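Next up: a single chain in structure tokens, the form predicted on its own.
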Amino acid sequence: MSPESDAAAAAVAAVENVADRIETEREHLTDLDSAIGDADHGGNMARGWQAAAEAVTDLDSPTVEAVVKTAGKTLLSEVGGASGPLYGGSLVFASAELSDGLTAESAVAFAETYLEKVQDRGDAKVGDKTMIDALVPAVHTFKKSVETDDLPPLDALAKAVAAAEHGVAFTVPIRAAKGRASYLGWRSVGHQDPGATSTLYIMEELLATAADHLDQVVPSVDATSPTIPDGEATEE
């Protein structure tokens, strides 16, 4: 199996694993969304990812880009409400960053583009109590871990997941400023955001799949920097 085919097979496995995880967590996501939303996040996400898993499995000799784009298109058509464009449409757009294959550099570009499109589509920022609260720290940590700290991609992804965990926890004590949860005003405080939570689940499965693909143990890391910042360095 060529490296390209091997990476594509791992991408298919990742979509399948995400589908299984979201189905397992369906009830929990529904409970979270029942508290501050319309109680459909668990069902919509489970249905969409199951359809995405079936779609990518049917691809003939796929590339990583094709797997991601197919998953995104399926989510866009199968997931109702705002989640379809946010999760699916953003995947479709960001998949172009993987046209030359999956590398540490293309993974960073993909993550940044995905984040940018989610922010554009949802018009949300950190602190609004949305999936952005998990995505921003994850993407920033992944980029720094790869480009500044020169960590192996698996370690960088593990640190990104740890950062996303902090982001999910951050959504609990803050007031929602976007989406249906914002209609609750101060009553939204004390509840975990379902979108941030499902984003964490997706990232955890990407990490587990990558570790399995590389025949490695998931690194035990946190989101803190492994280096002391250089006071004389200029910000890029």
Partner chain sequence: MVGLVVVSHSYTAAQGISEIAAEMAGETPIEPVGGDSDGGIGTVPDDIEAALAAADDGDGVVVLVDLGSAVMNTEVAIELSETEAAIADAPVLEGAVNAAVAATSPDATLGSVREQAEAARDVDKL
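As the structure is a computational prediction, the values presented were derived from the model and not from experiment. Positions refer to the first chain, counted from 1.
Just so you know, the form predicted in complex with the partner chain exists too; it's not on screen, but the next bit is about it.
**Q** Is Val146 part of the interface with the partner chain in the predicted complex - any heavy atom within 4.5 Å?
**A** Contact with the partner chain, no.
**Q** Report yes if any heavy atom of Tyr114 sits within 4.5 Å of a heavy atom of the partner chain in the predicted complex; otherwise report no.
**A** No, Tyr114 stays farther than 4.5 Å from the partner chain in the predicted complex.
**Q** Look up in the predicted complex whether Phe93 has a non-hydrogen atom within 4.5 angstroms of the partner chain, and give yes or no.
**A** Because a heavy atom of Phe93 falls inside 4.5 Å of the partner chain in the predicted complex, the answer is yes.
**Q** Check whether Ser77 has any heavy atom within 4.5 Å of a heavy atom of the partner chain in the predicted complex, and answer yes or no.
**A** Contact with the partner chain, yes.
**Q** Would you mind picking out the stretch of 79-87, 135-143, 100-108, 154-162 that comes within 4.5 angstroms of the partner chain in the predicted complex, counting non-hydrogen atoms?
**A** Flagged stretch: 79-87.
**Q** Each of Arg47, Arg121 and Tyr183 within 4.5 Å of the partner chain in the predicted complex, by any heavy atom, yes or no?
**A** Yes: Arg47, Arg121 and Tyr183 each sit within 4.5 Å of the partner chain in the predicted complex.
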